[in-house]
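Quick heads-up: it's one chain on its own, the form predicted on its own, in structure tokens.
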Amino acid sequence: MLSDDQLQELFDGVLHVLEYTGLEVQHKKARKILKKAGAWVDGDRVRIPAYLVKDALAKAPRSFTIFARDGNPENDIHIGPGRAHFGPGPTPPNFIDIETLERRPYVRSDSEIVATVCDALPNIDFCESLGTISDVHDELAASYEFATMFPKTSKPIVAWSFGKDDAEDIHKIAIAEAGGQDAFEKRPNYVHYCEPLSPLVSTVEALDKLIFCAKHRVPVIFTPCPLAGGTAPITAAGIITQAAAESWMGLVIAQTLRPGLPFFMGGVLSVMDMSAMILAYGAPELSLMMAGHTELAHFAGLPLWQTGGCTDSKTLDEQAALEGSLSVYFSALSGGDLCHDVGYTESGMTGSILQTVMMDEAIGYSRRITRGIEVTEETLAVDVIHDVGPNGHYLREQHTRDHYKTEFWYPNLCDRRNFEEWQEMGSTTMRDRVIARTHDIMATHQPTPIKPETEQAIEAVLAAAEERVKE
């Protein structure tokens, strides 16, 4: 997407914003941390000299691992150059009911559905909720969400919280399964999501969570959600520059408190559609801006919190397939390290696990392309071509039997049968097959159980949380 010269210009632009414009930092302790480190503090406005930013970038790791809670290495996420990892997003207020297919408020049991399906899908690497629980006390939605999802998937979870209290709830559950804080630090099983406010504000809540994560060595995402033409410059280069500045403020705090803390540079970058006045999740500019943001992150030596697999459609239709598949493909091409919001519909207002299931197919398709072409003596097959010769065929060749399972991508949902066979099997559409697969997973999939001590920790955490909100 960008040349080295362009990336250097973006990099220098971010440093300029941080040093000469600065951000509003609403957290008193965070301002003290930054001032002691060498930043200039004037009331709530904090300006960070370039050398401090570069020092933080040098301390933050480019490569690390987020571990499956049950120790299954197939579900570990190895962050580093070369592969995009995919999962849902958090917090939509609504959900598409998998039985009635109707849009309704998100409830606690939906967290079980999302986690179970994500656990079963081969191309979904991490789990988020696709919603905010509405049938518990509103301050406890994040705590109940994590407590409900954790037993239903062994894949790493990206957790969010309102503040430090529910961040602590989440961490207590995670370390119970890991075997204590020391064991967790060696094999972290979740990532915590923090979100500053655009334009150029680091809120008390976001920094409370960031500081908690740094103290407890929880891998952290610090990701703004700027809107081109609304809360950020309308140009792609401008929004990338602002988003990076907002994220790198958190980076400096995190690396000052805990050098080497796994840190994801963030930014959900899209446009304000000037005709509909919405954040457009299906816009081509989202993929364009996220690709540029990814390249800047990698240029700076950081992993990125990416976006893809989402749509502005209101239902599981051709628009949802088109927008979701294209954004997944570009996320795979650009190598965004954690690509979230797979399953967002209606501009992020509604979560749909059906969309996630359909996008699992698109991710597999994209991964086969980005895997590329292996050129070796074995794959060149010169001797095989010689043996078969003109007018032969390769069906009986050992070379074919050795490679057909790994060389080809085989779909789970796309139908390749001839017309007559398709008719015999019920003439199903993609929508039909997505719904059927979702129901089959819920009927048959059994996630790895959590430890008994983790079950006890979940009960204790939720009981204490309920008491907390009574006070």
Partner chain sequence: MSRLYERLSTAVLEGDAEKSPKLVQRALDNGLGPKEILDNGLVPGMNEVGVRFKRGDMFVPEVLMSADAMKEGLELLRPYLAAAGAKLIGKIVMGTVKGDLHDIGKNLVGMMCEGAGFEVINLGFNVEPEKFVEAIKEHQPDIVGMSALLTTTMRSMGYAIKAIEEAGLRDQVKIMIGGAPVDAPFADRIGADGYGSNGPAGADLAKQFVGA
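What you see is a predicted model; the values in this text were computed from it and never measured. Positions refer to the first chain, counted from 1.
Absent from the display: the form predicted in complex with the partner chain. The rest refers to it.
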_4.5 Å heavy atom contact, H78 to the partner chain in the predicted complex_ = no
*asked:* Contact with the partner chain in the predicted complex for R83, defined as at least one heavy atom pair within 4.5 Å: yes or no?
replied: no
*Quick one: is N418 in contact with the partner chain in the predicted complex, heavy atoms, 4.5 Å cut-off?*
yes
_Partner proximity in the predicted complex: T100 to the partner chain, non-hydrogen atom cutoff 4.5 Å_ = no
*Listed range touching the partner chain, judged in the predicted complex by heavy atoms within 4.5 Å, from 428-436, 45-53, 398-406, 28-36*: 398-406
_Sequence-ordered residues of 366-395 touching the partner chain in the predicted complex, heavy atom within 4.5 Å_ = N391, H393, L395
